[in-house]
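In the form predicted on its own, a lone chain appears below as structure tokens.
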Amino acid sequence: MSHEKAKTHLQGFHAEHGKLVAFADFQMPIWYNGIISEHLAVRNSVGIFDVTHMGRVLVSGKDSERFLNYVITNDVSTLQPLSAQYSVMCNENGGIIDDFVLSKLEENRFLMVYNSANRTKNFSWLTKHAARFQVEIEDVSENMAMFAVQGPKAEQTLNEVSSRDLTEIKRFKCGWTEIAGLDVFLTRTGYTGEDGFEVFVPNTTVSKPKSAVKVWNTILGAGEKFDIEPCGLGARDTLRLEAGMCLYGNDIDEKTTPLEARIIFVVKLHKADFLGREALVKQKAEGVKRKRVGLKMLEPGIPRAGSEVLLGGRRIGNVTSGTFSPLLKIGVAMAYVEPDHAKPEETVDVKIRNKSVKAKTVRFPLYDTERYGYSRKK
């Protein structure tokens, strides 16, 4: 029996303009005009993504901060109202349940945005551990659209149609504005490595998508002067890989710890108690057996997930994500290798179709940060 895929508010637009694929129980566009042109639009100007398939929950109540500090690794107490942080939830063994962005809307009220493939799992995990706290957890995924406007011209594009000056909202800060006469919530975050915003349109459903469609079309119109492109999952994947951002299920999972993934900055071991802390303290003391690295191919070839990483003919690790970089015009990858070989500029081989192809280990992001990314020189 076939399982009908879920749709977002923009199903009509996607069906008319994009190439649709099945993704995490949704029918989503893989591309519109093409992955390369969409990728370069984001790196050089601006693009817009429909990311409504992601999960969104509101956490509120007198114990909301204490509860969140128990279930996530970062320090929620450092968040001021209208600010955000990247974090992960871990199981008791230190394995990553999911990664996400947490925004503090106001005192005792938070918005958590996590991966679409983990919507059911994460909600169950949160509710399971909420029993001893005075906290409410509400899944608002079905009543809120979500778009990502990304690229060096993202701020200018949105300022064309925003009721407030968005230069006031700095990186990993949040705020409300009006677009097309509708109240929307913005976070200055994203999954591309570029500057940009994630735009939340509340009180709209797939069956009543008018508000979401209006905001999407208004942003597209505002971005015409900057050659905005609607972007699909294909460009989202190549952009995040160039930036060194993990994809759950490929690069991180419940058998991977934040220390192995080299995102230790989201783990605050000074907190007295949180899920997975004991295991992570032990692993930090003993050392990890593998570390995440970036790879740039030195010879023609496109690495793929599962490709072996070799040194002197011996396997030292495996690729978890690989692609052709539209910006660098070479094969690139994310991999886990033995710690002794995780330093940058080490020459290795990647096994591609039974052939060993030269590559070098590199730090993320893979691009020149003076020319690309949110910290580029203006």
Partner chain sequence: MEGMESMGMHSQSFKTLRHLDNLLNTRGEILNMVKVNDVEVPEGLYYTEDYSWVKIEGEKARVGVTDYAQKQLREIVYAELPSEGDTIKQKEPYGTVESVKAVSDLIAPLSGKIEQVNGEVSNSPELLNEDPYEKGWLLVIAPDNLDELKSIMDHAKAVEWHKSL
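Numbering follows the first chain given and starts at 1. Computed from a predicted structure; not experimentally measured.
Omitted from view is the form predicted in complex with its partner chain, to which the following refers.
- At a distance threshold of 4.5 angstroms between non-hydrogen atoms, residue 237 is in contact with its partner chain in the predicted bound form.
- Taking the partner from the other structure, its partner chain in the predicted bound form has no heavy atom within 4.5 Å of any heavy atom of residue 57.
- Taking non-hydrogen atoms only, residue 339 never approaches its partner chain to within 4.5 angstroms in the predicted bound form.
- None of the heavy atoms of residue 279 is located within 4.5 Å of its partner chain in the predicted bound form.
- Annotated contacts: 37, 302 and 355 all touch its partner chain in the predicted bound form [non-hydrogen atom within 4.5 angstroms].
- Just one of 323, 27, 318, 44 comes within 4.5 Å of its partner chain in the predicted bound form, counting any heavy atom, and that one is 323.
- Look at 340-348, 66-74, 29-37, 48-56: in the predicted bound form, residues with non-hydrogen atoms within 4.5 angstroms of its partner chain sit in 29-37.
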